[in-house]
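The chain below stands alone, shown as structure tokens; this is the form predicted alone.
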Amino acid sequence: MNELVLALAVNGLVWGLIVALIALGLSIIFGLLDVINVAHGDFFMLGTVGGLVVATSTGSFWIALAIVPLIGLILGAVIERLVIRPTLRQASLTIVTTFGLSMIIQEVVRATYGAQPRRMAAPIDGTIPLFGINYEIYRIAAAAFAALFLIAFFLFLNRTKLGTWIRAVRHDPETATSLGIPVTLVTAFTFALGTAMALLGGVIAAPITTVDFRSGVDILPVCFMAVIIGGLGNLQGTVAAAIMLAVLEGVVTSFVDPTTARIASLVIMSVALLVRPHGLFAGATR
């Protein structure tokens, strides 16, 4: 039993790192644009579908891992210009437009890709002994990929000129404008980057989850929970909360069914918000 609990906790850690990557994209979009992006889960779904399609067409998962996030960057820039920017100053309207975008994405994928869930073969075969069971090597690799991309994101945010611009616009857009920072360009790039991160998470997750046009519906609540528990605007807090929630669900799943485990996460979020209304890691990171 102890081995099972440990294995499920490791599963939770792997999934938590992937969710952290996706939730981080959601967090930077909200933190900079004040947009509650209901379609963010569907961007993750596009990553899983795109990863499967590209990997199948080219015969290489690694090509999909390189290409699909770039497609996400372009897609995000187009969506920001055509859908988000016209409604940017009306928060309630952005919810409606991104919800409509979510429905459109799901229907387009269902019509073109199909409604039947599929599985993607892991690009790295084999298992290794872990806590008394044979654990898939790719799951460990997926956790490593997600962790590396998370580190790369924070290095980009803190060590590059564009990252400094993003932090400046998040902190005070009016002052950033007066300093000559191209705020419109920064906001467009930030939405595109958040979108690309969701698609990247989808590609990494594709071999360990079901590739289905409805998978975004399942991932979105977890991402929102991570953003809220982590503290709105706190990027490191979002990462920590995503990992914490996923490990918790992984451990609880060894005792109860997955639905009850998700309910436990919701209870934890409710209690956390009662104790710390601004999140466990309140205070935006600039």
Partner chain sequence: MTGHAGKGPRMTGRITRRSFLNTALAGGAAYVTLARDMSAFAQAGPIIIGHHCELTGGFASWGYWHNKCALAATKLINEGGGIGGRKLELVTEDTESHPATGVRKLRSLVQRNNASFVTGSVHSGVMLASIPVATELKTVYFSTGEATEATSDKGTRYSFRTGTDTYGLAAAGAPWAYANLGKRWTIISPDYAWGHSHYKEHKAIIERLGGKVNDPIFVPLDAKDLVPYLSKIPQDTEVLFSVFFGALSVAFYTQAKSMGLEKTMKMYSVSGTIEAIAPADLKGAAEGVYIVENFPRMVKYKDDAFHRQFIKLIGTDDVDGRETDSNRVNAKSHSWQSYENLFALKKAIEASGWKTKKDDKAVIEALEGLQMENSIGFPQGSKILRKEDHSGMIDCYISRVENNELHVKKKVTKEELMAQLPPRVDLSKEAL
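Positions refer to the first chain, counted from 1. These figures come from a predicted structure and were not determined experimentally.
A second form of this protein, the form predicted in complex with the partner chain, is not displayed here; the remarks below concern that form.
Taking Y135, F153, F189, F145 one by one, only a single residue has any non-hydrogen atom within 4.5 Å of the partner chain in the predicted complex, and it is Y135.
Screening 111 to 119, 145 to 153, 194 to 202, 69 to 77 for residues having heavy atoms within 4.5 Å of the partner chain in the predicted complex returns a single hit, 111 to 119. The partner chain in the predicted complex comes within 4.5 Å of a heavy atom belonging to R139. Interface residue remark: T184 is not counted as part of the site for the partner chain in the predicted complex, having no heavy atom within 4.5 Å. The closest heavy atom approach of N158 to the partner chain in the predicted complex falls outside 4.5 Å.
Interface membership of F44, defined by any non-hydrogen atom within 4.5 Å of the partner chain in the predicted complex, is confirmed. In sequence order, V256, D257, P258, T259, R262 are the residues of 256 to 271 having a heavy atom within 4.5 Å of the partner chain in the predicted complex; the partner itself is omitted from this view.
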